[in-house]
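Take a look at this one chain, the form predicted on its own, written out in structure tokens.
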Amino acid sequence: MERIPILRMGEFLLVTIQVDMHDRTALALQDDLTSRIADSGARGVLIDISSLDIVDSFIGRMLANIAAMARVLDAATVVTGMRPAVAITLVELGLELPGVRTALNVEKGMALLRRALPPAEVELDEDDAPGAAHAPDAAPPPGGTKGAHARRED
């Protein structure tokens, strides 16, 4: 059985479907992708379907299911490259793809995923916490300067 590769790009997973999607291929993609999200902690999934000429109701439901499963695993989903005929077919079939965001191409899809994520949480050291006192006579950090202001000596 043919498998669809899943690439990791930072905190996102990228799936580019370059083959005809049969039901078994779609089911394998669903299993593989949910496992990769869980294993990697990916925050977003981009599925590029620009090579698909036709999407039937099964494949449409699989895309919606993948998005729902990704959402439960705390990852957003963006589908890119949808051809007009595919969009018309999905609408005619009554498939709304809830929870699936769409973009025209991979670049715009990645930008959409980045915007969908909340700002990264940054752990502060005890010394960097708001209100922490900084001793002017404290030893300089490795490679750093002593005190709050560096002075240039010529």
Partner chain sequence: MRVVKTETYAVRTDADVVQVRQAVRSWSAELRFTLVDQTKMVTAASELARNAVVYGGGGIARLETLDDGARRGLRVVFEDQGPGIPDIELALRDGFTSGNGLGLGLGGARRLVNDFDVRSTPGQGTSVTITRWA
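Here the structure is a predicted model, which is why all the values come from computation and not from measurement. Residue numbers count along the first chain shown, from 1.
Just so it is clear, the following notes concern the form predicted together with its partner chain, a form of the same protein that is not shown.
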Of 66-74, 108-116, 29-37, 46-54, which is the one stretch near its partner chain in the model of the complex, taking non-hydrogen atoms within 4.5 angstroms as near?
46-54
Taking any heavy atom pair closer than or equal to 4.5 Å as contact, tell me whether A85 reaches its partner chain in the model of the complex.
yes
Can you work out whether T102 and its partner chain are in contact in the model of the complex, taking contact to mean some heavy atom pair no more than 4.5 Å apart?
no
Flag E11 as yes or no: does it have a non-hydrogen atom within 4.5 angstroms of any non-hydrogen atom of its partner chain in the model of the complex?
no
Contact of V15 with its partner chain in the model of the complex (heavy atom, 4.5 Å)
no
So which bits of 69-99 sit within 4.5 Å of its partner chain in the model of the complex, heavy atoms only?
A85, V86, I88, T89, E92, L93, G94, L95
